[in-house]
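Okay, so here's just one chain, in structure tokens, the form predicted alone.
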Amino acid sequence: MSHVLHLDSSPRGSRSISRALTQEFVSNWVKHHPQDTVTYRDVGKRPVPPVNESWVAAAFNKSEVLPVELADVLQISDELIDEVVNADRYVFGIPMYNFSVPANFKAYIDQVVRINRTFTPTWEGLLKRKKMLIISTRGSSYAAGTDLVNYDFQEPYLRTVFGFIGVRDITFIYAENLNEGEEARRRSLAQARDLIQQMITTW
């Protein structure tokens, strides 16, 4: 039995393709793995706050007990980190925005990448033996061999930042070419859905 953290980061609602695809995966996953449990987090519709000066002061405070004025600053961060620590598998829907991740997902990352919680002072990642599936939607194709391959700052960044906190088993499924005409869009979505079905039994 495993615990799945399902996260969506698109600010769109019913028009979001990444939401539809993560929901399709998780729904089918639960059907095939009924013993598993799921926690859902929506940072697209309910963004987490960006870190600020008080957050930094609290996160790097070396006292065993935080000063009163900092006592509640890390409450949201602690909640988010508890979710990633308690999960065995992550299913994240992350559309590409301006060649990288949406701002609300970057705020999420800044809340969970935290010294002494998800990595040590010697840069050892603490989230080990986890599996991550990232489903990303993109207007064009950024695959190897394409003209836009060097514009993809999304996958390298996500592999780096999650690898830093110990998550190295990361699989990407892309629905690409969504702005390249109806036929390209249809073909890409069909391929993404095929991969999703394959992952249900092989992940």
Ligand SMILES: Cc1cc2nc3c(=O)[nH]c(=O)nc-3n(C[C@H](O)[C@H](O)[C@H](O)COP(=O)(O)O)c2cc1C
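Residues carry their position along the shown sequence, with the first being 1. Because the structure is predicted, anything quoted here is derived from the model rather than measured.
FYI, the form predicted together with the ligand isn't displayed, but the following is about it.
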| property | result |
| --- | --- |
| The ligand contact at V48 in the model of the complex, heavy atom, 4.5 Å | no |
| S16: touches the ligand in the model of the complex, heavy atom cutoff 4.5 angstroms | yes |
| 4.5 angstroms heavy atom contact with the ligand in the model of the complex for V38 | no |
| is_contact(Y142, the ligand) in the model of the complex, heavy atom dist at most 4.5 Å | yes |
| Of L178, V26, V167, A58, the one that lies within 4.5 Å of the ligand in the model of the complex (heavy atoms) | L178 |
| Among 71-79, 111-119, 98-106, 84-92, the region lying within 4.5 Å of the ligand in the model of the complex by heavy atom distance | 98-106 |
| Sequence-ordered residues of 45-74 touching the ligand in the model of the complex, heavy atom within 4.5 Å | none |
